[in-house]
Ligand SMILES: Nc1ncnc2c1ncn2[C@@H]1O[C@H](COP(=O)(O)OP(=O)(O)OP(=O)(O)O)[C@@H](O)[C@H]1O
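What follows is a single chain, given as C-alpha cells, in the form predicted alone.
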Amino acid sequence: MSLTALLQNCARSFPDGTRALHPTTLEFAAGSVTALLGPSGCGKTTTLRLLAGLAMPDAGGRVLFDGTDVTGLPVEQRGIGMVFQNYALFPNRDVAGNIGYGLEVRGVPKAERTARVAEMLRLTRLEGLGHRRVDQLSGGQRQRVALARALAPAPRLLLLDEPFGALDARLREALRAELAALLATLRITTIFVTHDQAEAMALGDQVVVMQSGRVLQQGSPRAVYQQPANRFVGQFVGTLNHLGGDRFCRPEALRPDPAGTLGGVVLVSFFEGGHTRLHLRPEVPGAEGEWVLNLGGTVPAAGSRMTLALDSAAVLHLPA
C-alpha cells in the first residue's frame, strides 16, 4: 500500500532567521513518483527532510500522511524508506545483513526475514550476492543494496536523496530505467531529490521545480517543459531560445527553411548520435544569447548562415 503525503504551510528557518524553505503546501498522491528539482540550496532537500521527520517545520506547518498529522512523529515511527546519496551502508554487514537490518530491528522472525531479503535480492537484481561484503560491490550494486534495504520493510513512502549522484553518466541512465520499472511495479509513493533535469523527466509523474526556498511550478514533465511558468523554469528544464522581448521557443520549434523569416550564423556543432546540436548567433533584433537547434541532416559549417522557420504555435511568452 502507498499513502498520500501532504506538506501544509511548511516553512523551515534557521536560528539567524535565514529561510531554507518559505511557507509551502505540496500534496503527493498515493502511488505517484515526484521529482523535487532545482539548483543547490533551493530547498528540495529541506522538503525531503520535513517529510522524513529529520527536520521540524516552523510553527504552523504540518506534515500529514493519509490525513493523519505526523508532524511530531520521529523518523522511525513514520513507516518510510529512505535512500541517501552516500547510501550509508553498514560495512560490518554483508549484503543480506544490510537489506535485512530494518526487519531485524522491527523483530521480524528469522524465517520471514530471510524470505523477504531473498525477494529484495531478486527485485533489485542482486541474486547470488547476499553474502558479499559491501566494500566488494560496484557503485551500482551498492545503490541497489541501499534501495533494497529501504524497500524491505514494505514502506508506504519512499524518499530518495540524489540517488544516482555518485554514479557515472552511463550507469545513472541504466539504473534510472531499472528504478522506473521497479517503482511502476511496486506503486509506492516516491519522492526524490535531484538537480538533474533528465532524471526528473524520466522518473517523475510530477516535477516540482524549486528556487530559493520556493516552489515555482508543479506539474507533469510534459506540462513543465511545454508550459513553463517563467524563464527560470524554462531554462532549468530544457533549453530556451530567446526571440526578443518576452518571446522564447524550444529548439524543436525551429527548422531550416529557405523560405523562413529568421536567420542565424552557425557558431559550433556537437554530434550527439541521433542528431547534431547546433549553436547559432541569432540575427533577430532584441534576441539575446545563442540559439540551439537540433539537426538530423547535413550539418552546415561553422560561420555558415542559416535561414529558419519558426512554429508560431510553439512560441512561449515568459515573464522574468
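Given the structure is predicted, the values throughout are model-derived calculations rather than measurements. If you superpose the two forms and keep the largest set of C-alpha atoms that fall within 1.5 Å, you have the rigid core. Residue indices: 1-based, along the sequence shown.
Just so it is clear, the following notes concern the form predicted in complex with the ligand, a form of the same protein that is not shown.
Heavy atoms within 4.5 Å of the ligand in the model of the complex map, among the stretches 43 to 51, 269 to 277, 287 to 295, 22 to 30, onto 43 to 51 alone. For the chain shown alone, residue 85 is a contact residue for the ligand in the model of the complex, at least one non-hydrogen atom being within 4.5 angstroms. Not displayed here, the ligand is approached by residue 195 to within 4.5 Å at the level of heavy atoms in the model of the complex. Contact annotation for residue 162: at least one heavy atom lies within 4.5 Å of the ligand in the model of the complex. The closest heavy atom approach of residue 312 to the ligand in the model of the complex falls outside 4.5 Å.
Residues of 8 to 33 lying near the ligand in the model of the complex, listed in sequence order, are 14, 16, 18, 20, the criterion being any heavy atom within 4.5 Å. Core-aligned CA deviation for residue 18 between this form and the one not shown: 2 Å or greater.
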